[in-house]
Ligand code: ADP
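First, one chain by itself: the form predicted alone, in structure tokens.
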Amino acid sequence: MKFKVNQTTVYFKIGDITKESVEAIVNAANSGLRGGGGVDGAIHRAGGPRIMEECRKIGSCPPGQAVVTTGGNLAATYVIHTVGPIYRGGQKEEASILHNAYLNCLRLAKEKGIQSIAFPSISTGIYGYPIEEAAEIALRICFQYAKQNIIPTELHFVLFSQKDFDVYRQTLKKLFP
């Protein structure tokens, strides 16, 4: 599925983010940048040890922030690591942290001149963020950013399952009828 926002083309698909042929993929990382399960573990496994070497040099990343490393053995040149919030009922500024995670990835991509970036659904796995709420935050911030900036020219949402894809599609229709 494809959608146009200003000069940015936005793609939605079900797939494996580690196989995306974009300049940067986003890693839903943990604060220690040490790899883990889900998207984080998959990126570290597919990208090889160079990613972890750079993560060790960086040290950590607080929730809502983003850092960049090489893509290692991935097709992507870069991995932008961001830490989303652990969902605790929505009372601990989770929405603000998730908003900032997406925004800081986009800002870092612009700073690096990255034209194409692929996002997973940040914080909706083990961190427990309800995907319906997370999809709305992700789409709002990414589309708002695309309306005000010309870089990146491509945004890819690479979703893990048909259910996740359907939630993003329904959210897109709701926000932009």
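Given the structure is predicted, the values throughout are model-derived calculations rather than measurements. One-based numbering along the sequence shown.
The form predicted together with the ligand exists for this protein as well; it is not shown, and the discussion that follows is about that form.
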Indicate whether the candidate residues 55, 72 and 78 are all in contact with the ligand in the predicted bound form, with contact defined as any heavy atom within 4.5 Å.
no
Test of understanding: in the predicted bound form, would residue 122 fall inside 4.5 Å of the ligand by heavy atoms?
yes
Against the ligand in the predicted bound form, would residue 22 count as a contact residue? Criterion: heavy atoms within 4.5 Å.
no
Contact label in the predicted bound form: residue 114 to the ligand, heavy atom within 4.5 Å:
no
Should residue 42 be counted as a contact of the ligand in the predicted bound form, where contact means heavy atoms within 4.5 Å?
yes
Answer range among 33 to 41, 142 to 150, 106 to 114, 58 to 66 for contact with the ligand, defined in the predicted bound form as heavy atoms within 4.5 Å:
33 to 41
Counting only non-hydrogen atoms and a 4.5 Å cut-off, give the residues of 144 to 160 close to the ligand in the predicted bound form.
158, 160
